[in-house]
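Have a look below at one chain only, the form predicted alone, in C-alpha cells format.
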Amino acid sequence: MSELGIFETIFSTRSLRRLKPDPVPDAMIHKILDAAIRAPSGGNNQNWRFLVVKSPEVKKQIQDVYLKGWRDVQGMYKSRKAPEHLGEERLGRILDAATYLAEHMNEVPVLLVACLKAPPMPADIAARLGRLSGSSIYPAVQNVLLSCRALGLGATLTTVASLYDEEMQAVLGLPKDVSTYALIPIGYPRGKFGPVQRMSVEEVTCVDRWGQAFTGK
C-alpha cells in the first residue's frame, strides 16, 4: 500500500475493536514499536516497556482480567447519559463493539501491553506526580496507533485491564516497579478506517482565559 501522509493518517485513525484472527508478521510489530520509541518521555528516561503477547494461554489469562474490568466499566456507562455530541445510538454501537472485543480478546492475534517502569525518586514526589506519569507512555501509545493505521492494521487504546494492574502484573510476570498503562489489541480490521468525527476546534478551545472563544480564522 502507498504511504499515507501524516494528516491523512491522523484524520482516519479510529478505534477498531473487531479484528480478524489472522496472524500479524513480527516484522510489522517491530516497525510499530520502533515508531513508538521515537516518542518523547519525561527527562528522556525512556522508561516505557512493551510486552508483545501472542501466546493463546497468556491471551486467555489477560482476557479473564479484562472481562472483570469491562464489567466495572459497563456499569459506569449504563448509569449515565451519553454525551450530547455522541447520542445514545452511537454510544450503544461503541459499547457493542467494546463488548465484542472483551468477549473475543483471546482471538486477537497480538495484544500489545504498554508499561512504564517507575524511575527512582523520593516517595513524596512520586505521590505528587500521580496522573502526570502517563505523559511518559501515552505519546508512545499514540505512535503505535498511528503506525498501525499507516500499515493497514486495526487497533484501539484501552486501559480497562489496568483497573486490575496487580493481576496483570502477575499474569505477565512484571517486576514490582513496572505497571501496565495500556492494552492495545492489534490485528487486521473487520471494519473500515475513518474519517474520524469529532467536535469542532471552536467548541473545545478558548484563548487566554476560559470562556473566550478561539476561532483561528
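Because the structure is a prediction, the values reported are computed rather than measured. The numbering used is simple: start at 1 and walk along the sequence shown.
The discussion below concerns the form predicted together with a further copy of the same chain, not included here.
K.L.:
Would you check, heavy atoms only and a 4.5 Å threshold, whether residue 63 touches a further copy of the same chain in the predicted bound form?
P.N.:
Close contact is absent here: in the predicted bound form, residue 63 is far from a further copy of the same chain, nothing within 4.5 Å, heavy atoms only.
K.L.:
Report whether the minimum heavy atom distance between residue 51 and a further copy of the same chain in the predicted bound form is within 4.5 Å.
P.N.:
Because a heavy atom of residue 51 falls inside 4.5 Å of a further copy of the same chain in the predicted bound form, the answer is yes.
K.L.:
Since only the chain is shown here, I'm wondering whether residue 198 would be in contact with a further copy of the same chain in the predicted bound form (any heavy atom pair within 4.5 Å).
P.N.:
Residue 198: contacts a further copy of the same chain in the predicted bound form.
K.L.:
So in the predicted bound form, is a further copy of the same chain close enough to residue 30 to count as touching (4.5 Å, heavy atoms)?
P.N.:
Residue 30: contacts a further copy of the same chain in the predicted bound form.
K.L.:
Which of the residues spanning 157-189 lie within 4.5 Å of a further copy of the same chain in the predicted bound form, based on heavy atoms?
P.N.:
Read in sequence order, the residues that approach a further copy of the same chain (within 4.5 Å, in the predicted bound form) are 157, 159, 162, 163, 164, 165, 170, 171, 172, 173, 174, 175, 178, 179, 180, 181.
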